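The chain below stands alone, shown as structure tokens; this is the form predicted alone.
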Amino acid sequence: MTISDKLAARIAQTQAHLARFRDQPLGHLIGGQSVSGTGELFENRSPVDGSLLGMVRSATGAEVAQACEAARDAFPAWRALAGSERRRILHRIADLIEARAEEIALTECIDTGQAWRFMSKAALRGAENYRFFADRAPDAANGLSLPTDTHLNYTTRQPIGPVGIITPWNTPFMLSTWKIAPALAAGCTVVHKPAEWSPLSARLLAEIMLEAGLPGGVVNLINGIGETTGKALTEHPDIKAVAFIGESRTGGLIMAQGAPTLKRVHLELGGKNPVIVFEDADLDRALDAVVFMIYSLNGERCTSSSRLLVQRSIHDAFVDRLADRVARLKVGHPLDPDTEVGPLVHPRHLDKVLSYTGIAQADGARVAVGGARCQRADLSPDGCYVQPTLFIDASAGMRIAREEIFGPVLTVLPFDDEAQAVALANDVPYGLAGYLWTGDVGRANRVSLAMDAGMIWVNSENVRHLPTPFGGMKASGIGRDGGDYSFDFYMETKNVALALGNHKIQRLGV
């Protein structure tokens, strides 16, 4: 395997950052203290070359309980802290994230396989999340005045209590900030369990929050396997709500586990998102967006547009151009700034993604591009590299058109008219996001309103605006993130009805 001197230097820099994780098993942070733990050890290997990044200690039931109790004990003081002071601490967290942004990005590239061109900005987006919710902390409790002739009604919000936050292995740092920042701004305390396949950046974030002055116990970090550590967290009675990002099947299990203690749940789950390209669209811009929204971030994100619905009149020409672009995508080491697609996160996930080539062919679809492992002299044979893949000649009933593959894999479906496009778009169990390209503003509105998805982008790729709601329908989840929508989950709304003293009260037993 040969690499450039520049890439070699960046790899060496990253290895220096990661050395601490190889020296001793990665444990937990509970009550502001590092806890080595006594649970079982599991390996954390890099998808880049299969190398051992370190061992991770799975939290036992007792250690999970210790973390939950620390969050419970810290809650009254954190809840009582002035919103302006919470704002100050959250801004300090953002400052420290920005100061360590390169270290965070390098760590995530090696731990997840995500390309540097995307991860280099991920930490900065995490800092932006903290700043956004920091500025809302002083007003988080604000409500409405709802007067009548006889009563003054007013509402207020109060934090729900200690919450469990379970985050996924794709872009884990940014997604952790997306959940933790609003919880802290609302006045909640947190027990965070990151995904076992990418645990390293969560430790960096927890250390940053403590350094910024977050009181011990306000945020606690536990590592472990979802079936054991995660289950203990979702079942613990001190946890009042669970926010989870991950696959739909696991979301169902979390609902069941929290049901006996009547936990509130927020579930951001899977997607099989359509991108619809009509014949009157700006086809050059549409092509750029189609390629970006499935092959960036290795296709490992819930909002990827993994189904391309293209009008039949332009289908062949558009797909020819698309195939050429897919074949040119640069697969490579994630720290190489030219890399567009890095290795998938784990060998087990690699096997799942690759299995769909055989599934597609068995169902009668054709592999236009890719469909196999990417094996080159400059890539480690132990890395989880896959060729960007394009399936064509598919139909709506095929598994490749219905199941979330969660990799750099796109399935193309032709349609004839607007009604058929909407029917195809909605004909899956999921309803997270949808994208459509058209020059007709009336059609843009009709189709947007008809699509069963929580978020629609028209003539655009996924461009997030932090105050807007983020979430899906059907098997894609329950609840919304973003802006004050996050506070709807992390806070209880209370109404106070104050009588003005002149309303008639029925007299009984007189």
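Sequential numbering from 1, following the sequence displayed. Just so it is clear, the model here is predicted, and its values are computed rather than measured.
Heads up, the form predicted together with a small molecule isn't pictured, but that's what we're talking about next.
Student: Ser296, Glu340 and Tyr385 - do all three of these have some heavy atom no more than 4.5 Å from the small molecule in the predicted bound form?
Tutor: Looking in the predicted bound form, the three residues Ser296, Glu340 and Tyr385 all stay beyond 4.5 Å of the small molecule (heavy atoms).
Student: Looking at Ile104, Val409, Ala94, Leu175 here, can you tell me which has any non-hydrogen atom within 4.5 angstroms of the small molecule in the predicted bound form?
Tutor: Of Ile104, Val409, Ala94, Leu175, the residue with a heavy atom within 4.5 Å of the small molecule in the predicted bound form is Leu175.
Student: Tell me, which of Leu269, Leu200, Val275, Ile110 has a heavy atom within 4.5 angstroms of the small molecule in the predicted bound form?
Tutor: Spelling it out, the residue with a heavy atom inside the cut-off is Leu269.
Student: In terms of non-hydrogen atoms within 4.5 angstroms, which of the given stretches 410-418, 228-236, 367-375, 283-291 touches the small molecule in the predicted bound form?
Tutor: So the stretch in question is 228-236.
Student: Find out whether any non-hydrogen atom of Arg86 is located within 4.5 angstroms of the small molecule in the predicted bound form, and reply yes or no.
Tutor: Residue-level check for Arg86: no, no contact with the small molecule.
Student: Hey, in the predicted bound form, is Pro194 touching the small molecule, heavy atoms inside 4.5 Å?
Tutor: Although the small molecule is absent here, Pro194 would touch it in the predicted bound form, with heavy atoms inside 4.5 Å.
Student: Quick one: is Thr438 in contact with the small molecule in the predicted bound form, heavy atoms, 4.5 Å cut-off?
Tutor: Answer no; every heavy atom of Thr438 is more than 4.5 Å from the small molecule in the predicted bound form.
Student: If we define contact as a non-hydrogen atom of the residue within 4.5 angstroms of the partner, is Thr167 a contact of the small molecule in the predicted bound form?
Tutor: Judged by the heavy-atom cut-off of 4.5 Å, Thr167 is in contact with the small molecule in the predicted bound form.
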